[in-house]
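The form predicted alone is given below as one chain in structure tokens.
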């Protein structure tokens, strides 16, 4: 279902990016960011799909907030219908739809996730215990030791104290990247294109990384908190987390010495 509705989102927004149709100001959504027309279009696509399917769930959306589709839900649809809205508005081809399903109010209960590259229509997806995929192809995190490391790192809005923790990363001639859509960058990490992905700002919302959390784990990676312990969280709108996605402890220790 997550993949099917992701395809509908792609069809409905693929021609909006970089045009006047993508913009507009609909006030601040539940996640705190300004809601744009492309955000609302994508969210409504997902909400209407699950209503039509009569799927008993609670939708936790970036813009719409909590939408209860049943008094006896089977679980939670965790939705960031457009991750990378700023890119989408400007027409930068790096934004995605991130959807996950959790049976309980915690990250570790996520059983399914899908991240759709809305510039290409490619879908990264995973189901608990069944592996991770890009469309029909199995994917895994980088298993070979790279000649040089490509490090995804989100420093947007980071404090000077937070940036100090990254000094050794910047000074060790690593190749750092941030493209503006956490979920899609986590998917690329799960595909092995990025060697480690770090967001230690304490600002990331659950909607931004729920699908990526499962995708990384099913691709063989580690999902850890800022203290380098196994990541766990509730699904609350107030919750903000830090995390690191690493392929193994060896790479983790090389990039973030304990």
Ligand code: IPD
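Numbering follows the first chain given and starts at 1. Owing to the predicted nature of the structure, the values given are computational and were not obtained by experimental measurement.
The protein also exists as the form predicted in complex with D-MYO-inositol-1-phosphate; that form is not presented, and the subsequent description refers to it.
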For D-MYO-inositol-1-phosphate in the predicted bound form, the stretch among 76 to 84, 101 to 109, 160 to 168, 139 to 147 with residues bearing a heavy atom within 4.5 Å is 76 to 84
Residue 172 near D-MYO-inositol-1-phosphate in the predicted bound form, any heavy atom under 4.5 Å? no
Classify residue 154 as contacting or not contacting D-MYO-inositol-1-phosphate in the predicted bound form by the rule of any non-hydrogen atom within 4.5 angstroms, answering yes or no. yes
Wondering, does residue 36 line up within 4.5 Å of D-MYO-inositol-1-phosphate in the predicted bound form on heavy atoms? no
Under a 4.5 Å heavy atom criterion, is residue 178 part of the interface with D-MYO-inositol-1-phosphate in the predicted bound form? yes
Between 43, 208, 218, 195, only one gets a heavy atom within 4.5 angstroms of D-MYO-inositol-1-phosphate in the predicted bound form; which residue is that? 208
Any residue of 184 to 199 that, in the predicted bound form, places a heavy atom within 4.5 Å of D-MYO-inositol-1-phosphate: 185
